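Presented as structure tokens, the chain that follows is alone, the form predicted on its own.
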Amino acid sequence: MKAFENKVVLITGGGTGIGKATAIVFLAEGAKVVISGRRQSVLQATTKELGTSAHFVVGDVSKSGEPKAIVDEAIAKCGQLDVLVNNAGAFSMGPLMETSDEEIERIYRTNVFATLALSREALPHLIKTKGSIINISSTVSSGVMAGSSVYASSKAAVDHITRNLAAEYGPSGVRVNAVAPGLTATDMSTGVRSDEQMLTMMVGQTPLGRLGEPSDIAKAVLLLAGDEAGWITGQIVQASGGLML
């Protein structure tokens, strides 16, 4: 029997990048997977590629009411929820003095509000299945990098949400952990990766000497969600090749 057979996994931002790679590894272990995102065409194409055990829900996690609708539809499609992967994220780099209120709100609504709201809506279902939440953080949540104050602080909030929810819902049998990627080859990091000087610096600071791939992060998520990690909760696992050690 595969590790996640008869289990249901909801992955936000699941149409591309880390979310899609995470769907692939859970499907390989027998799970039913529901991916969510804003772009129906992308979700349809990804779901078709992933096969009959994959489903999709269209929704914007940053908007009030949408997290509830996403979770409700996932339950309607699959009947239960065993793992929530809060993967949907927004990225921003630049001097704070040049950052608008709208940009700050965009980052915080996607990275912080959505993590809290989706977790809130998923928890009643996860308590029933003794399931788990995996949040996607970032190495910059615990480091310092000029120009990243808005993004880094939003991911620091994700880390603390992870620890607090682990303490709050551990007695109910729900584990909550986070994976903190380093620089990973996704659409979100295109701007950083296209800057040759920045890319060289980041790879040079990574002891394992390469960029991360979405599959590297997906495997860490799978590990934390599985029974082998059943005694692990409230942890922020760095999946970064050693970046910012």
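One-based numbering along the sequence shown. Source: prediction; values computed, not measured.
What comes next is about the form predicted together with a small molecule, which is not displayed.
Against the small molecule in the model of the complex, the set P67, Y108 and L123 makes no contact: no member has a heavy atom within 4.5 Å. Looking at V61, you'd find a heavy atom of it within 4.5 angstroms of the small molecule in the model of the complex. The shortest heavy atom separation between R210 and the small molecule in the model of the complex exceeds 4.5 Å. Taking non-hydrogen atoms only, T186 approaches the small molecule to within 4.5 angstroms in the model of the complex. Shown alone here, K219 lies farther than 4.5 Å from the small molecule in the model of the complex, counting heavy atoms only. Partner contact region in the model of the complex: 84-92, out of 97-105, 84-92, 163-171, 124-132, criterion any non-hydrogen atom within 4.5 Å of the small molecule.
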